[in-house]
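Only one chain comes next, encoded as structure tokens, the form predicted alone.
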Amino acid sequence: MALARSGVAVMQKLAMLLPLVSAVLMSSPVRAEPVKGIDGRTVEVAVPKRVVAVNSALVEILFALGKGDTVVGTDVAGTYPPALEKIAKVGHPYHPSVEGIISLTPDVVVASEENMPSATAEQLRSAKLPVLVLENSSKDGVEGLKRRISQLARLYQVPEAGQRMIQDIDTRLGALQKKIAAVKKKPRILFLYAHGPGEAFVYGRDTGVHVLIELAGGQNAADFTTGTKVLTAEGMVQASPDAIILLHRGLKAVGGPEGVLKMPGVALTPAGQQRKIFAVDDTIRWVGPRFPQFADTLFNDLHATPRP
């Protein structure tokens, strides 16, 4: 009888201890997941809670993974989602401020290689900040985008969320491919990057713009060059685009479609003669998770029935 009473007492004590044990286990730090960057450096951070992200496409991936509330700083180029307005800025996307980043005391800094000079990364590492540098956001199109999604999902230990994002991208692009297959023409499209009517650049291969044009079923009319090149009248006539695209802010800066028609050589092209001039999202220089949406919109603009 005494033995039975002793057993009951032990069970009662265990029952009392169980909530405490559970609380201790739940409060234990999650084991870090090592993630290797494109520069060969590995970071190990146990589920980041404060992140500075340099590159608007990477910021969009973090928000799409459900981790937007961990972003405490970013560069000035991002415009999406609207919540970015309330997040601290750390400077130009190609020249982020070391002091500004350090002042935000992040657990980790994530950036694409074109936005994080190696000297800047080493300065941050000297300040004991882990820095994860991912491959160029224009590299290898959608496949490169998928790799960046997978790496950030691993950093946050949410691989399933990353896979869902990738599957959604594939589904959207699959639907767009069916629309592209139904049209015969592959229009030549030229992107103009302009701050005003006096100066503009065209974007050739190895750029996010090139990826967008091809996803929309078009051909980059500036594929005669790599990277960016100053616009000239001769170059515009040589490119002979069927359509011209600009960032929303670029189209506004040059005075709308009428302003574009006054730019060197534009009036001599099929795009100018047919007034095929369209605005695209301000972030398209970096390949991000909304590219299927942007490509679908561009496809619809290109193939819309002209008004009588």
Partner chain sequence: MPGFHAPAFWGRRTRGLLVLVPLLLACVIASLGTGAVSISPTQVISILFEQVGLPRLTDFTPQQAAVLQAIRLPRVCMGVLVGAALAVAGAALQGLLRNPLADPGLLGVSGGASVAVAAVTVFNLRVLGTFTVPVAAFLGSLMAILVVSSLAHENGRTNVAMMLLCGIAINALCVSCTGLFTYLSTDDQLRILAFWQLGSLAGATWTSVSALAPLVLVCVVGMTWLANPLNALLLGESNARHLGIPVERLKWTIISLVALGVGAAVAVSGMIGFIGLMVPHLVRLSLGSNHRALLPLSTLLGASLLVLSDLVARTVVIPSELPIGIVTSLAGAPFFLYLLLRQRRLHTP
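Here the structure is a predicted model, which means the values were calculated and not measured. Numbering follows the first chain given and starts at 1.
The same protein also exists as the form predicted in complex with its partner chain; that form is not shown, yet it is the one meant from here on.
Checking A88, A233, A161, A83 for any heavy atom within 4.5 Å of its partner chain in the predicted complex turns up a single hit: A88.
Interface residue among R147, H195, R205, H95 relative to its partner chain in the predicted complex, by the heavy atom within 4.5 Å criterion: H95.
Only one of 164-172, 213-221, 151-159, 123-131 lies within 4.5 Å of its partner chain in the predicted complex by heavy atoms, and it is 123-131.
In the predicted complex, at least one heavy atom of S103 sits within 4.5 Å of a heavy atom of its partner chain.
Taking non-hydrogen atoms only, T228 approaches its partner chain to within 4.5 angstroms in the predicted complex. For E99, a non-hydrogen atom is located within 4.5 Å of its partner chain in the predicted complex, even though that partner is not displayed.
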